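Below sits a lone chain in structure tokens, taken as the form predicted alone.
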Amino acid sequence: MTGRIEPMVGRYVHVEIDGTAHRIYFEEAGRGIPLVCLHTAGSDGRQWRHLLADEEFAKDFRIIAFDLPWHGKSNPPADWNGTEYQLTTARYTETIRAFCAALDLERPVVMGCSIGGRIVLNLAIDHAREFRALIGLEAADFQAPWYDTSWLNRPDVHGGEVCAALVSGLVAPQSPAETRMETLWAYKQGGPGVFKGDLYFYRVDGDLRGRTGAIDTSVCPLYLLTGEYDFSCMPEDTLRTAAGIVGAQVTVMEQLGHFPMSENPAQFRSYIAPVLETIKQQKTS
């Protein structure tokens, strides 16, 4: 065989969420500390392919990226009747915990971006003891809505192209054209109404203002990293949130926007490598 084969392997796991059976697609690579990666709103686990293919990280981490139901290769549940998809804090939290339980992951690290970063904060509030560390990318307790979502799922609008156009400005100008377009391509392929449904959690149901002060970083370390060019979750939003969490570790990432792991993987690596090294050392100490 002459073709280069990347190391990640994709499989499905059957998970029960709120009493309903789901078939969830995930990819993984490496061995060691479980590292579960959560994609952004309206996208899927492909955003993490560069991390999954990183041989150095894979020596110490079992890197796992899954597609939320309705996203990527994870279909809606078999009993779905076509009702509008809408993500809630409770359902998102249960999905992550059920997925980790289904794979028998012992105190995994969870790293999420955007909506994934927001839910990481909720995990830190309510379920910190279940995790070794939590990493929130582009995470804050709340962002004021900056666009209207009511027209994102209409028969006279190409939802995928509109979603991609909407988020295109969140990519840093230094990001390579190849990875910029790859990031936007996943948005163009999103299912009808899925981006809108995710944003219900992000804009309405997932407001954590007044709750993050309960986070105890002595129980579970919390790392927050935000791109300097992100105007959806601005660095100021993350810094404001972290100011109310004793022990939270904050980094503003230069030359990165809202999709650091996919828009500019090399630049992101320079910021996430020290965090993962710290987590690894905590495991071995």
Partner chain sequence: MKKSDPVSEAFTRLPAMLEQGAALIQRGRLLDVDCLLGSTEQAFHVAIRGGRIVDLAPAPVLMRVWTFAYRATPEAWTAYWQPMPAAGWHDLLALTKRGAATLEGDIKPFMTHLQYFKDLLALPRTGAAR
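Residue numbers count along the first chain shown, from 1. Treat the numbers as computed from the prediction; the structure is a model and nothing was measured.
Below: the form predicted in complex with its partner chain, not depicted.
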{"query": "Candidate from V171, L105, L199, A128 lying within 4.5 Å of its partner chain in the model of the complex - any heavy atom", "finding": "V171"}
{"query": "Selected contact from A58, I64, A242, M234, since only one has a non-hydrogen atom within 4.5 angstroms of its partner chain in the model of the complex", "finding": "M234"}
{"query": "Candidate stretches 211-219, 72-80, 142-150, 90-98, one within 4.5 Å of its partner chain in the model of the complex by heavy atom", "finding": "142-150"}
{"query": "In the model of the complex, Y229 touching its partner chain (heavy atom, 4.5 Å)", "finding": "yes"}
{"query": "Its partner chain contact in the model of the complex: L166, any heavy atom under 4.5 Å", "finding": "yes"}
{"query": "is_contact(V162, its partner chain) in the model of the complex, heavy atom dist at most 4.5 Å", "finding": "yes"}
